[in-house]
Structures are given as C-alpha cells and as structure tokens.
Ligand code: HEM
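Form predicted alone, single chain, as structure tokens, below.
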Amino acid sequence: MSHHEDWNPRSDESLNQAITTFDRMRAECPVAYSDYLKWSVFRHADVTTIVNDHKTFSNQVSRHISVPNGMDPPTHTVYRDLINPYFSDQAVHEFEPTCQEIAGRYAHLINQAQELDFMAEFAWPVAVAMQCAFLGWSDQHIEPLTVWVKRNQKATLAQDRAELADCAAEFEVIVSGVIERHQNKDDVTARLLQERVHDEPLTRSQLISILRNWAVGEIGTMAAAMGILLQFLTESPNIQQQLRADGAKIPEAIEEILRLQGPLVTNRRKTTCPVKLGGRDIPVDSILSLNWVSANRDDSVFEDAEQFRWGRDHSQNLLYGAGIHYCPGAGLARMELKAVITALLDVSSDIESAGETTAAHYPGSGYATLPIHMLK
C-alpha cells in the first residue's frame, strides 16, 4: 500500500533548516509519512508512548543483527544485562582521567590557532580518540574511523545500498584486526571477547554489532554534541561566562543545550499490529521514525521550549531516550562532554564565531563545519 507523502526529509529545507522543519511538522502534521523515513513521529507524547510499549512497537527493524538495540525482550534483556557493566558508574569514574587528558590535550592544540574549524580540528578527532581509548584501541584507528563514519552517514542519506554494504564490509575488516590484536589484552574489547551468553561465546556477528554500536554509533553523536554545544556558547556569551565563573553549572547547561538541539535525530521502530497514532491509521509492519529532536522541543512538555532556561525539569528530556532502550552509555557521554566543555573554557577567555556554519545533513545533526575564534 502506498501513502501520500506529507513531507520530504531530503529537501534542501529539511536538510539545511532541520530544527525549523521539525518544529513545523510537529505543529502541522505530528505523524507524517514520507517514502524515505516512512512514518515520522514528532510529538513528545507519541514518542513516549512508543518507547514504553515494546510489544506494539518492536525494535527489530533492520534485517541486520543489532545487539542489543535491535532486540526485544526477553532476548534484549539478556544482552542488555551483559553490556550494562561496561557503562557502570565505577567504569565511567575510572575512565574520567583519560577523557580529561584527551580533552585537555586537544584544547591546548586548538588554542594555538587564531581561527579554526571546530568540527574538523576538535570535535571529530576528540570523539574518536575518546571512543578508541574507551575500547582500548590504538590511536591509529582515529583517522580511518572518522572517514568511515562520515562515509556511512552520506550513504545512509542517499540510501545507497551498495555503498552501505561496502561500508559494512570495511568495518568488518577493521573489527577483525581489532579482535585478533585483543585476544590477550586486558581492556574493554578484550573483556567483551570473553563474554558468554547461555554458556556460549558471542558470535562473530554479535561482536561486530556491539563494537560497531560502541565505536561508530557513539562517535557521530558525540562529535555532533560537541559542535552543538560550542555553537550555542558562541551565540550566548553570557551563558559562556556563567560557566567560566561556575563550572558546577556545566552539566545542567549541557542537558538544556542538547535538549534544544539533540545530536541524535531519529531511531526506528516497527509496528507489530495496526495502530492509530496522531489521528493516522498505521498498518502492521510499518516503520516508525521517532524524532528525538522534535520531541524535546515540544511546548506541551517544556514551557518556552525553544528557549534556554536554567532550573528546568529534565525528567522528561529524551536526550538519551527512555524505556528499556534508554542509552546505556548516558553516564559516559555526560562525563565526556563535561570534560570537553571544561577543557575548552579553561584554555580560553572567550570563544567566538569566526564565520558562517554549515549544517550537518541527516542522519547527522548539528554542524558539518563550525568556524570559531578562541581568545586566550
């Protein structure tokens, strides 16, 4: 059955003015069909309903294995319990000095330049360096992983299945080398190789899926988050100086800035039965695209949602999702972003815009280029 298209997610307006487009769709057509994303869901209430009803809205969307993101209970529960300890409070605390060192080192490097593209010279290399350090991978992976993530995002936007297949094959080659080198080490990757489920070791496909999620899924969103935070601070000098004066405010500022513009645009679900959502009749086996960015800007949940506010209640903030698929790495991400903002503010007296930004295109968020000027 074909549906009339309510919007075009790949139009110039949708790609280059994403936030404006999402806000308009939430107001005018909160459950909207497109050939590209199928059923897009823009309202906070509808997104929350979906993520809290995994029986009606399944995470088993892709034909490719995805551990544990693309699983439903009870299988999801088993694999989620397996990975949770890697992101425990203790694990995050032990990794914090390494993140602070990486953030500080790159902050000092870019502080030597008068003007620079923050995305190319800080956000991407720091996101990859932190993730490589977390996994126990060497720095030699920083450049190829950066190139790979951007290539994969471009292929996703274009729906180029041949290119996506090449990307998958290339990543399998990268991971195969990693697995071989980590057999006798003591780090996150080595421990993952020793994990067992029902007394059986993880299959090669499961290992590759988990490492792809950790090594790649996190890199793109973390780089995007850093860019979104820095762009906001260049446009909000008063808030930037408040954070310089009181570093204890940094975590709250990060939550609120990323509520305004999230680094992860969508996740998918599949209907297990016919449903009615936002006044639309959606058939069984339909793909839903949950728009986190739009949901977090919903005025029915966040008063003056398009405005930055101190003291806002973030219990409904969907930055890291909700329900059983809530991001297991939320604590790790918060720690890394705090280390980044702290380091950048420490090495500068002011951070200013140095020209026009370029928008990142879906499935990315934030900025492709972000020219800044750091004052010492």
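Note that residue numbering follows the sequence shown and begins at 1. Please read these numbers as outputs of a predicted model, since none were measured by experiment.
The same protein also has a form predicted in complex with ligand HEM, omitted here; what follows describes it.
Decide whether R191 counts as a contact residue for ligand HEM in the predicted bound form under a heavy atom distance cut-off of 4.5 Å.
Taking the distances in the predicted bound form, the answer for R191 is no, it never comes within 4.5 Å of ligand HEM.
Exercise: C327 in contact with ligand HEM in the predicted bound form, heavy atom 4.5 Å:
Flag for C327 set to yes.
So, in the predicted bound form, is S34 in contact with ligand HEM at a 4.5 angstroms heavy atom limit?
Looking in the predicted bound form, residue contacts with ligand HEM do not include S34, since no heavy atom lies within 4.5 Å.
Determine whether any heavy atom of A91 comes within 4.5 Å of a heavy atom of ligand HEM in the predicted bound form, and answer yes or no.
So A91 does not count as contacting ligand HEM.
Go through 168-176, 152-160, 301-309, 263-271 and give me the stretch that gets within 4.5 Å of ligand HEM in the predicted bound form, heavy atoms only.
Every other range fails; the passing one is 263-271.
At 4.5 Å by heavy atoms, is each residue in V61, L277 and S286 next to ligand HEM in the predicted bound form?
Negative, none of the three is within 4.5 Å.
In the predicted bound form, which of the listed residues (Q240, T221, T146, Q206) lies with a heavy atom within 4.5 Å of ligand HEM?
When ligand HEM is considered in the predicted bound form, the option within 4.5 Å is T221.
To verify the annotation, which of these, S236, T98, N213, N111, has a non-hydrogen atom within 4.5 Å of ligand HEM in the predicted bound form?
Contact check passes for N213.
Across 224-251, which residues bring a heavy atom to within 4.5 Å of ligand HEM in the predicted bound form?
Result: A225 alone.
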